[in-house]
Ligand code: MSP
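Take a look at this single chain in structure tokens; it is the form predicted on its own.
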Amino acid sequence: MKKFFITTPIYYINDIPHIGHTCTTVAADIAARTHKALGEEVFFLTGTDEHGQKVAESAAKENLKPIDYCDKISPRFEEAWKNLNIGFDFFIRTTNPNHEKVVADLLQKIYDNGDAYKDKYEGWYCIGCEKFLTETEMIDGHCPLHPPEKTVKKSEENWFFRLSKYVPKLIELIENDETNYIFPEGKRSEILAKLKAGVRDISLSRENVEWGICVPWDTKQTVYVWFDALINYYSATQFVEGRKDFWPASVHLIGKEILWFHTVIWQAMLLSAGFTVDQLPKKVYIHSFYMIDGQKMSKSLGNVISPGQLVELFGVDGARYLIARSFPTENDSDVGIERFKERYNADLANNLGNLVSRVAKLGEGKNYGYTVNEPNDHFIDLVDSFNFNEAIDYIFKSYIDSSNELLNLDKPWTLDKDDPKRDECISTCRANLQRAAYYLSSVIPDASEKIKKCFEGEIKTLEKPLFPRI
């Protein structure tokens, strides 16, 4: 059986789930469900990143031990995804002892292969990103993603990873269409330009950060949080029962702010640890950000949208649909609650939901048989390239809009109940709705199941609207 292994980033635990986390996780779930429907064996991995300086600071503010703080926050992510009907197969936490063992083993291989050495680091460090910055990455002397006070001067002795050693190989892989793993194309070009501009070796350990995994050959130092976090994708396949055959990952789905770690550092780490080219992740898909009513999402602006808010306003399937429709692929996507309401009412309440109600009422009690559905390559290609808006458009135009047009043209409610034209119109609309439900089941699974039950044999009317108008 063909295997499909998809991952989200593991979300940093000093925050609570918001729409940025949500869009990545819903997108991964849609892809996972689509591949399950194709009869493939799927492993969908998500989780939380729980080590590092920021976690220790957040725990201290609440007078908690770091592990107690992690135990408090991590379930919020797991609960948020379950409330959105996210069908992940495993939720990994980097405080899991099994993960920690794999991290130590993989880093030991890097050390044994001569790719770790001790040196002194002096430079700028963003506490918000837990990342050392180059001058070109800073704007006005600080990290552009976080307040100025989060960018501090650091000087410490660390273990370094020979990242520069693997740059020629990475350029070779990315430039070759057969082995390139970076999508979409714009991100591939961005990484190639950065690699060719020159790459320095990077720290793989921290000297004064106690909340982390000990470096296996130097227990006075802890593993740099990013090295620890990236290894989760591999470690889960090693200790979750029956998952070893899923490596390498089919897709790492990530946001653009962590592009460099996932497309350069991660591959270099694996090559250093002895992985062959065909054991590297097959695809890294990088999506853009959400803007909220034209502004960056920010706690200080009070414009952060949580997954709980979306579910409360639009229901589970409504929230999933709106995320899919607005998924920020190559460009940032500008959204907001009012825009979501307009889209929900137009697409789900007025269009799809109303069509289901009309056809069910017109055909109530009649049996028009069952429509056999087959996978559609065009739809699958759009999902695999994370063009969800285009994929949904394709289904709406093919089956939903065409049915509404047919109803308005034939006006079956004006025809006698025994008129063949009436039966033909209702039968066509019913079959179209079955097809739409089949394809949209990865996006709106509960509503699709209701449509299927409504039209699979004798047509039944729904007890209440599929998508109540807001």
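In this text, all values refer to a predicted model and were calculated from it rather than measured experimentally. Start at 1 and count along the sequence shown; that's the residue number.
One more form of this protein, predicted in complex with the named molecule, exists but is not displayed; see below.
- Residue contact check for Lys452: none of its heavy atoms lie within 4.5 Å of the named molecule in the model of the complex.
- Though the partner is left out of this view, Glu100 does not reach within 4.5 Å of the named molecule in the model of the complex, counting heavy atoms only.
- Residue contact check for Ile10: one or more of its heavy atoms lie within 4.5 Å of the named molecule in the model of the complex.
- With a 4.5 Å cutoff on heavy atoms, Cys23 counts as touching the named molecule in the model of the complex.
- With the partner omitted from this view, the residue of Phe379, Phe90, Tyr111, Phe289 that lies near the named molecule in the model of the complex is Phe289 [heavy atom within 4.5 Å].
- Comment: the named molecule is not present in this chain, but in the model of the complex one of Val167, Ile258, Ile305, Val240 has a heavy atom within 4.5 Å of it, namely Ile258.
- Of the candidate stretches 171-179, 102-110, 118-126, 224-232, only 224-232 has residues with heavy atoms within 4.5 Å of the named molecule in the model of the complex.
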